[in-house]
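As a starting point, one isolated chain is supplied in structure tokens, in the form predicted alone.
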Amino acid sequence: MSDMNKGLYFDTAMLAGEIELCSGSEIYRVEDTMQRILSLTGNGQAEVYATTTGIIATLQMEGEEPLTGVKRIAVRSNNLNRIYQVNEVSRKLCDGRMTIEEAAAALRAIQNAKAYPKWVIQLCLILSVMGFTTLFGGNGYDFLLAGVAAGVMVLLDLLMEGRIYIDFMKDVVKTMGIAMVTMWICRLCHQAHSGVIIISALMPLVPGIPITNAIRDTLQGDYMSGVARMLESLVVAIGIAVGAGAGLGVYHLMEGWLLL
């Protein structure tokens, strides 16, 4: 195999792993995808080590200098569609239905694909919060007022953009704002249920995917990644609890002052 093809296989594997890890994939899936791509080099010996924050890979061809790559993953999000697309490219490449050049081009297209406009994401968030009230047994007032609470969360997120960089503090501020606003609007509308609205508004913040991935990584034997993801989920959960509790506490304190 020529040096150019060897380098192309290696770069393609690194790109596939990077996209999956940035999209919230499980660690074992990242390592398996990269191993399968690197195994196509023939007699090359590949080693891949991935964590929640980085990838280390090496490819050793007989009688040649090894290729080694390190990729730091600083920003992660949940994008199951990208994970699916990378898996499809990997399957087609390993089955011989796609050349390495086509696979590299397809992965670059996945990486550079434009995300949904921010306003679409925010609108879907508001609608999902409103929908959660029906699952929790809320009435029509809860359904409408949950949209207000979700709008407050979106507004706070926009105000903190570029000002607060710690995710824990963002979660605290958003949940605190949700709790306070919900209690005040329920004070004006007695037919609404504050508990249903608050819980519905907090649902999009619950780290469901990280918890699921933590369990799957742990069951696969990736204990370091499993513990790291579980700790990440715990920090998010603490932030939600602290913010909601602080918001309710501030509301009751202000309510006491107003009654005095």
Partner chain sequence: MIIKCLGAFLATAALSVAFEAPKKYLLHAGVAGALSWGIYLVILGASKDVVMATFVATAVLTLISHIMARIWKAPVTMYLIPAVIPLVPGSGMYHVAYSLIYENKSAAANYGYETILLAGAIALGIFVVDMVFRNNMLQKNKKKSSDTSAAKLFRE
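Fair warning: this is a prediction, and the values are worked out from it, not measured in the lab. Numbering follows the first chain given and starts at 1. The term rigid core refers to the most C-alpha atoms you can superpose between the two forms while keeping them within 1.5 Å.
Below, we turn to the form predicted in complex with its partner chain, even though it does not appear here.
Segment assignment from 116-124, 158-166, 67-75, 184-192: heavy atom within 4.5 Å of its partner chain in the predicted complex: Of the stretches listed, the one contacting the partner is 116-124.
Partner contact for Ser90 in the predicted complex: its partner chain, 4.5 angstroms, heavy atom: So Ser90 does not count as contacting its partner chain.
Close approach of Asn213 to its partner chain in the predicted complex, 4.5 Å, heavy atom: Answer yes; at least one heavy atom of Asn213 falls within 4.5 Å of its partner chain in the predicted complex.
Proximity of Ala109 to its partner chain in the predicted complex, heavy atoms at 4.5 Å: No, Ala109 stays farther than 4.5 Å from its partner chain in the predicted complex.
4.5 Å heavy atom contact, Ala244 to its partner chain in the predicted complex: Taking the distances in the predicted complex, the answer for Ala244 is yes, it comes within 4.5 Å of its partner chain.
Sole residue of Gln35, Thr53, Thr58, Gln220 within 4.5 Å of its partner chain in the predicted complex, by heavy atom: Checking each option against its partner chain in the predicted complex, the one that comes within 4.5 Å is Gln220.
Arg187 C-alpha moves between the shown form and the other one by 2 Å or more, core aligned: No, shifts by less than 2 Å.
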